[in-house]
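One chain is shown next in structure tokens, namely the form predicted alone.
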Amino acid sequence: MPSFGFLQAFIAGMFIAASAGMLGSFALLKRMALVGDALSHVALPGIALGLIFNFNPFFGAFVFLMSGALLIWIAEHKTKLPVDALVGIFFSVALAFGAMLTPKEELLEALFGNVTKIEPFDFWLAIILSTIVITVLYSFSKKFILTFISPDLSLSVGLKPHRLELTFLLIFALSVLIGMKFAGVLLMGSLIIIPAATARNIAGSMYSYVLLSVILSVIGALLAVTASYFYGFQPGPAFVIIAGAFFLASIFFKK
């Protein structure tokens, strides 16, 4: 019979994957697929400080991720450099600091995550924050889509692309923060990128694209947690392999 820890990981993984999958469908529209992978590295110094000074690493990661997202947004409009270039700069510096500061015995879990070791506080936080991410993405979905496809058109109908981009970046950072418990700093981007790319191959409409991104992400996460329970694999790497297999299969059914 599955243990309570397994059920916690199962439920948390489902919520985390749903929010990451939904986010990924919008990230591909804005051509920010690799931003989730890079942005997650910004959290590493915050995790390191939490481990060194004995406070919950979640709070350190939260401060660094939100600050990083805000700085990227400011820099994007001050320098006119693309978001992926700015994220690459910030992530390189943050990764260097984080690698130097993180205690070596804790580094592996920080890099790859492990949702099967989730604490009760982190469990409830993951569910609450995942729900917030999904709710905001759903509420702003039409505005985000129009802004990402045509900023000039969204401006002409009374929207504010500049503020919407900030909202999306902060939600992006929040989703990365939640997902790091599942896939860690190195593999977090896979939760966002792979299911959305698979859904884009086989979806026939915008609605089915977003829905399939969520469903494929959740299925991959649940299979990964199950593989972790029965075979001892780490959920993060297992998810990448499972999601990657789905993507390869989707190539043959591409619409």
Partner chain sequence: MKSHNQHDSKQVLSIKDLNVRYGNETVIEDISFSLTEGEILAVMGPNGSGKTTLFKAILGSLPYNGKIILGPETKIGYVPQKIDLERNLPITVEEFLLLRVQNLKYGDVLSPETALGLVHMGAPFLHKKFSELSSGEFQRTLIAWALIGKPNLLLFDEPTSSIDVAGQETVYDLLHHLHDSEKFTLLLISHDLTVVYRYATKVLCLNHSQACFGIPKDVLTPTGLKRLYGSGNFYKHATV
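Because the structure is a prediction, the values reported are computed rather than measured. Residue numbers count along the first chain shown, from 1.
Note that the form predicted in complex with the partner chain isn't included here; everything after this is about it.
- Heavy atoms within 4.5 Å of the partner chain in the predicted bound form are found in exactly one of 182 to 190, 48 to 56, 63 to 71, 202 to 210, that being 202 to 210.
- Residue in contact with the partner chain in the predicted bound form (any heavy atom within 4.5 Å), chosen from 197, 29, 218, 227: 29.
- Among 155, 128, 100, 93, the residue placing a heavy atom within 4.5 Å of the partner chain in the predicted bound form is 155.
- Among heavy atoms of residue 146, some come within 4.5 Å of the partner chain in the predicted bound form.
- Among heavy atoms of residue 135, none comes within 4.5 Å of the partner chain in the predicted bound form.
- The partner chain is not drawn, but in the predicted bound form it has a heavy atom within 4.5 Å of residue 150.
- Contact check for residue 170: every heavy atom lies farther than 4.5 Å from the partner chain in the predicted bound form.
- Residues of 45 to 79 that come within 4.5 Å of the partner chain in the predicted bound form, judged by any heavy atom, do not exist; none qualify.
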